[in-house]
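Below you'll find only one chain, the form predicted alone, shown as structure tokens.
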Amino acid sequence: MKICVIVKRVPDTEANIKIRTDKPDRIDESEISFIINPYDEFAVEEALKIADEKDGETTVITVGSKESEAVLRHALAMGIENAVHVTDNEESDPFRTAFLLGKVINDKGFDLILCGKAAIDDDTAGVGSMLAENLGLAQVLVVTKVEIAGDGKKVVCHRDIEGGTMVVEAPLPAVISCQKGLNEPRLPTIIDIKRANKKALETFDSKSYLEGFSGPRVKIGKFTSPPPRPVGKVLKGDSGTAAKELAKLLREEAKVI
């Protein structure tokens, strides 16, 4: 079984995001550290588990700048065998990313394509479904359990829904997006990281795959920072007095009761 995992380079979840003053549609990356998208780690771990069970071959793919190579190395350190980097320095959106991925993946004969449910930077959750549509494959999104049939021709997925679990069966090949709870991603060792840094990457220039591309469908106008959090109020007095004052403030100022 040939398994593909899509990963993305995103800002660290603890990064202090600042907007560029000269380009309000871009963030200032000068003091930000970047990581592999956390949801993609669930996809990488699941690919490794399935490969162990089905004697499979694993490949990780990313679309992005030269710096995106780091997330491929991370996936290799976790245990993925092959890595493909589609270098792309142009302004992108989920439609462009899915288009490029589809062109690269189309002739590689993957039986299963895994990705995170969404990237934590733009949170569009669009690449997986668009990729499946471009490739004409079945898709199951936001999955918390994956079971491959013994004959390798279908997959059974569990999705958490309000009040229960939805069980979806789909033919393979298929695209599956992975949700927290699917597994616990492993941590690469120092030796794993050193070995991954020595592995060769298969690299493609995005310009070779843009024939027929009609242009991005999403354009960021500008980013704005959230308003500063107002200073809290301290209510003095005994509990009865404070409760009355709180009710008054909630009714007259906050207008929530």
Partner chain sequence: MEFSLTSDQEMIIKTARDFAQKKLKPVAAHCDETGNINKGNLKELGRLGFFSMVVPEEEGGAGMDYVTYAHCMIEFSKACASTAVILSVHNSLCLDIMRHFANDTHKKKYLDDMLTGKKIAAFSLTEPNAGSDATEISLNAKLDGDHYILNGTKCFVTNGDLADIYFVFGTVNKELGSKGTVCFLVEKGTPGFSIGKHEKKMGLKASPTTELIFENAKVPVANLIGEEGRGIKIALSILEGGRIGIAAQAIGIAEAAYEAAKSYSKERVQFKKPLCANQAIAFKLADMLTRIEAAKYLTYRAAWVKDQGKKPTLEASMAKLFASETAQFVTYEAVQIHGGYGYIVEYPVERYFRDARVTTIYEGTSEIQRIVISNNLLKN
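In this text, the rigid core denotes the largest set of C-alpha atoms whose superposition between the two forms falls within 1.5 Å. Numbering follows the first chain given and starts at 1. Bear in mind the structure is a predicted one, so any value in this text is a computation, not a measurement.
The same protein also has a form predicted together with the partner chain, omitted here; what follows describes it.
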Taking 8, 27 and 120 together, does each of them reach the partner chain in the predicted complex with some heavy atom inside 4.5 Å? no
Interface residue in the predicted complex among 170, 77, 130, 137, criterion: non-hydrogen atom within 4.5 angstroms of the partner chain: 77
Pick from 201, 193, 210, 32: which residue has any heavy atom within 4.5 angstroms of the partner chain in the predicted complex? 193
Spot the stretch among 122-130, 160-168, 105-113, 180-188 with residues whose non-hydrogen atoms come within 4.5 Å of the partner chain in the predicted complex. 180-188
Does any heavy atom of residue 65 come within 4.5 Å of a heavy atom of the partner chain in the predicted complex? no
Contact test in the predicted complex: residue 85 vs the partner chain, heavy atoms, 4.5 Å: no
May I ask you to list the residues of 197-217 that have any heavy atom within 4.5 angstroms of the partner chain in the predicted complex, in sequence order? 197
Does residue 229 count as moved between the shown form and the other one, where moved means a C-alpha shift of 2 angstroms or more after fitting the rigid core? yes
